[in-house]
Structure formats: C-alpha cells, structure tokens
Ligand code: DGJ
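The chain that follows stands alone, in the form predicted alone, written as structure tokens.
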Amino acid sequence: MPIDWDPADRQFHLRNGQVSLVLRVFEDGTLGQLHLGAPLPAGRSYRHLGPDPFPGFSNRVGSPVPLAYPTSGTGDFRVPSLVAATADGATSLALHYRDHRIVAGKPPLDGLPSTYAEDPSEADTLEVTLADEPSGLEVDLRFTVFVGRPMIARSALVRNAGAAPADLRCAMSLSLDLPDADWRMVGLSGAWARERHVTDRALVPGRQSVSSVRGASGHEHNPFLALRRATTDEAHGEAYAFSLVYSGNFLAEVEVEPFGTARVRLGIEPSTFGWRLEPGAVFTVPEAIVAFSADGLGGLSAELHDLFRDRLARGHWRDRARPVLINNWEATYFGFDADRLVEIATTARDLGVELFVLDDGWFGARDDDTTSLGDWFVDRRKLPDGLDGVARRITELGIGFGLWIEPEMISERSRLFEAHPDWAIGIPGRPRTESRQQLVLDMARPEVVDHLADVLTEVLGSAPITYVKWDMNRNITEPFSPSLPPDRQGEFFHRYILGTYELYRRLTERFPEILFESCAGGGGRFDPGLLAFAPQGWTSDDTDAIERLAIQWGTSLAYPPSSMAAHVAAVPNHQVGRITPLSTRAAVAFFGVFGYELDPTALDPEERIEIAEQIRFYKAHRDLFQRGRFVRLAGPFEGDGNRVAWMSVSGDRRQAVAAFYQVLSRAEAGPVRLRLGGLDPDAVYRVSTWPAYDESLSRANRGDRSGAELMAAGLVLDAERWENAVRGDFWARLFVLDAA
C-alpha cells in the first residue's frame, strides 16, 4: 500500500512516487501536516519538519504550527477549518487523534459528487478520526492518494457523538499549511460572458481569496486556485492547484501570517453556512483536490484534466466521442414551429451535423422570457404533434435530438406558480428581487425535487431524446426556505445544492444514455461538482471567437477540453457585435466539444462548403481535440495578448494539432516563431496546415520536422507584406502534425 504508518513515530506517509503527504500525530494529540508536495523517500522520519516538542510545545499560542484540520479558540489565530458552537455556546474545539483506518480504493461521499476509483487498486484512503472529548464532536478526515497521479483528495465527515446538538458554522474541505509564502496566487475570475479570465498576484500578508455567495459557483469566481513560484511558467517550476468538487457557495483563500507561512483553505463559504448537527448525525464535507507539479502550470492542468475527465465524469458518455451539434437558439429564439426546426435540422444534417438541439420556447406558453418556467409540458401551438412528433421527424433524418430545460426556475406567470407560490424562494412578507423576470425554486424542499423528477422523467421519456442542456439563469436572492425553522436557515444554501444534485442523480440514472450538458447563463456554474453528472458544460454565453480565446485559455487551467462546449456562431456576434472569419471561429471552437449556434438555412453556398469541410476536419481529429493533452503555448494574458497559441497532443505523441491566433494585424510585425510542446523529440512529424492554403506560411512549414526541432526552434509564422494585409485582423491557422 502507498500509505505507511509508523506507530513508534506516529507518522503517516502517503506516497506514489509523484507526490508525498506526510502527517504526524503531535505530542499534544493534534494531527499535523508536515509535507505535501514533491515525493519524499519512504521509511524515514520527518518529525523534524514539525514543531520542536521541547521546550514549550504545549505553550504554542500564536505560533504557526502546521495542522491538518485547525480549529479556533485554542491558540491558532489563523483561519480555521472547523468552527462549531456546542450546547453551552462555546466555539473552542480541541481535536485530538483517536484512531485511523487504511482502506483500498476510495469511499464515496453521501449525497455529494466526488472523484472515484473504478478498482480498489487505483487508490488508497487514510481515514483519521479526531475528537473533541468534552463536546463529543468527531471528525473523520479522509486523505486519498491515487496511483500514478500527483494529487491528494481531501474530505471530512463531522459527527456528533455527544448528547446535545451542535451548530456548525464553518466546515472546510481542505487546509494546507505551507512553510513559506513566496508564491503567486493564480485564480479564474470574470463576469457573465467573460468567465474564467486568469488573475495572477503575489501573496502578501493577510488574507486573499475568491468566493461566491450567489447560491452557485458563479461567473465571477471559480472554485479553483493555484499557487506558483515567481519563476514558474507553463512548463517548468513548482506549482499547486486546489479545486473544490462543489457547485454552491464556496471560499478559496490563502492567509499569510506574520511569521511568513501560508495557509490555504478551501470549502463551503462560511458566512452563508450553518448546520444544526443533532446527536448521532453526520455532516459530509465536499471533496477538495490538491495537486502538485514540478512541471509548471501545464503539468498541473494535464493532471487535473485526466482526473476530471476519467475519474470524476462517469457513465455512458465519459469515454465516448461527443457529437457535433447545432442549437436553434440564435437562429430562431422563441419564434419557431415544427417545420422550421426540421428545415434547420435537415440543412445541418447535410453539412455533417450529428445532433439537433431544441432550445428555449418549446413548453407552456413560452413566447418570451416572462412566462411558463416550471410548466414542463409541450406547447402544441408550436409543436402540434408534441415533442415526440418533431423529435421523430428529426431523428429520421439520421441525427440525434436534444432538448433545453431550466428545471430550477419558475415564472410568476405559470401554472406551477399558481398552484405552489410557496415553492419559489423568497422571505414571507418581503418583496422578491426582480431578476430576468423569473424566480428560483426551493430545491432544499424534497417535494420540489420529487415534482421535478416526476415531470422531467415524463418529458425525457416522451421522445427519442439523446441530449439535455440544463440551464440555470438566475442567482438566488432572499435566501429562505419555509421547510427550515428560523434557527436553521443557515442550512438553506447547502440544502439547495444537495437538492440539485439529487435531481441530477435521479435523471442521469433514469436516462443513462442521455448526454447532459450543464449551463448556468453560460459558464456560471462550470465546476467539478457538476462534471460528475454532466461531463460537459456550456463554457460561456459569449460565442465570439476572440473573447473565447481568453475564456477557453483560463478554463483550461483546471478543466479538460472534453468538458468545454465550444460553438461557431453567426456574425456580427450576438454578444459583442464583432465580425470574424468563419475559419477563425472554427479554429477556436475545435478545441472542445464542437458545434454551431447559427441558422444554416441562411448560409450562402460558399459558407456551406466551408462548414461541411470544418465538420469533416473536426471529425477526423475529434478524439485528439476532446481527449488529447492540451498544451498552452502563448496566452491572451501575456504581454498585449495579440498572439495566442495552444495545441492538443495525442497520448502516444504520434499526432498533434497546434493553433495560432492573431487578434490584430500589425504592419511590419517582424519575425515570429511558435515553439511547440509535448511532442516526442525523437519522432519525425509531417506538418500540414488548415485551412490548406498555398501561401508562404504553408510552404515554410510543410514537410518533415523532428519533434526536437519543433519544440526548440518552432514553426515559422513570418508573412510576406502582402499576405499580412490579406490576412487582416482575427486570423488563425492550424498546424497538423502526424508522426512518420
């Protein structure tokens, strides 16, 4: 087993040759965390990395002792992992080691998504029980080490073994004390239509964090952060990544204390959280992943991609090629009928599209966004033969049929609201805040989840549906549930997301062959929690190719291309009004789950020919785009961001596709070289370009090149003066590499 226990030294060493986690039971009974990072030799004591027990270990008030699950009120004044008020109102807990277990594999988390081991040989889990004897509170800390992965999964079970209730006020998923603070904090932040832009700042004394209190992980921040050394880049240097497998309110934080150490904590956002823990009850804390890399940010991303793609996503679609789709939204919005949908689907099918998706407007009396959310029955004014009628007409064309839903929402103008106005979230006696002319259903109530499971099971079983886009377009205001007493309203946000997970679980288990795609006003809930149910997400409502360079680059820090839906949209773009070449739009969207957001019946003959060729090219390289190693080369957040490049490399390094994007054309720009990465230096690659124009760039690069040359010297991107003028702004080119 890769978990060693030395009873004489009271030391645990979790190791797999790529990462080491060393824990030790200190002399006062607390559990210390001595090292998490580069692999250390087995069979050695590392007690010297912790506090010196003599003199004065017991008198350690304010000293930065590295603890695995710190509490408040007992001399550690840094941010805690656990805060609970006991029956007497006290909030000081002293957690001491009681016992431990080492088990093969990885136990699941009750009611929560988590990574998994398909076979017990893939991982080992250490579970350490800590107890606060006076209160009876116990914590089972779980640490899982995976075979061949430089990462540790962390979770906890908080149990009340006492005789009186306790109130949890903070229960974090991960705490990690680092011996120095010489790190830069990398985060993913933004807003609607510009999600997951990269932020990068040096740690300073005090607390620095990203978080959400919106009821969802949110457009604004992602439940992810990384720490890198100042000299660490994409390919070299030390870095850590921290990712929370959760879709609700979260906090990701680093505190630098006066002695120069750094404490990272990650978990449910404490200010919007409370939980009454009755005697005998257990609270399950969401899972957190911490990864270490000595190979830069690119090394971290590769490991997270593999884990999330292969051991977080699950089910029928985990390993299958995702279909090329077309969505009717930007083609028709609410104005369609069955014949119009079939016309779009027929034209798209002729171009090579494999899946047609019917978006908003098919249900209730939904002619605009003021009505009918919650009324999940077909609008027979538009679809007189029902969903089954239009779905069968489309599937008879030889392509799949998909459907948009927004189950967590309700319109005041709906039959559901008339029958159950109390199911909409709001505080009795107070007005509800207006947002998008819709309200949010109280997913904390089991009867709401039961109702949605019943009606959506009927909908999804009524037609040959192979894909569902699950949207969520409004954050929560006036958080309150009448199902909870006043002193337990702090449980609302967590119970909301547990209800959402339960609905996802029921529907995905009932319809295992449907491909679910998560969406939240675009990328407002793009997080690991939902990847466990929906293996791909709508990356952003912003489909502009240039905006997507930054969005997809940032998203790739944590999430694999197989999780990123990326579509070609019409121009002028519906979000920013920009006009970009059709080839550039495809060259960006290829690196993900590919599709179209446009009206194919409005295309001219040349555009139809071009799109058909795009789809042929994507299908020929689909596995590489969706499951290859994604390597970032030149980023939109570097320098002026005018040149962006990335590539996908097959697992055996025999194939690759590299992309180069130039935002603005510049006169006399000078020589440009693009050095590639991730290739086999000893292999010889035949290089071709896409689109396959015969120009100086194609002529300069086509032919046979060694992997060593392509990584050390690179591709030639110089352009003749006349060619640069012809390229213009928003230009892209792909380079296809096939080993001889």
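Please read all numbers here as calculations on a predicted model, not as lab measurements. Residues carry their position along the shown sequence, with the first being 1.
Below, we turn to the form predicted in complex with the ligand, even though it does not appear here.
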In this chain shown alone, the residue from 521, 407, 299, 190 with a heavy atom within 4.5 Å of the ligand in the model of the complex is 521
Checking 76, 220, 354, 360 against the ligand in the model of the complex, the residue with a non-hydrogen atom inside 4.5 angstroms turns out to be 360
Does residue 474 make contact with the ligand in the model of the complex, using a 4.5 Å heavy atom cut-off? no
Q. Does the 4.5 Å heavy atom contact test between residue 336 and the ligand in the model of the complex come out positive?
A. no
Notebook entry, point to check: How about residue 492: is it within 4.5 Å of the ligand in the model of the complex, going by heavy atoms?
Noted result: no
Margin query: Considering non-hydrogen atoms and a 4.5 Å limit, does the ligand approach residue 616 in the model of the complex?
Written below: no
Only one of 507-515, 577-585, 463-471, 172-180 sits within 4.5 Å of the ligand in the model of the complex by heavy atom distance, namely 463-471
| Within 4.5 Å of the ligand in the model of the complex, all of 317, 319 and 533 (non-hydrogen atom) | no
Applying a 4.5 angstroms cut-off on non-hydrogen atoms, the residues of 540-570 near the ligand in the model of the complex are 541
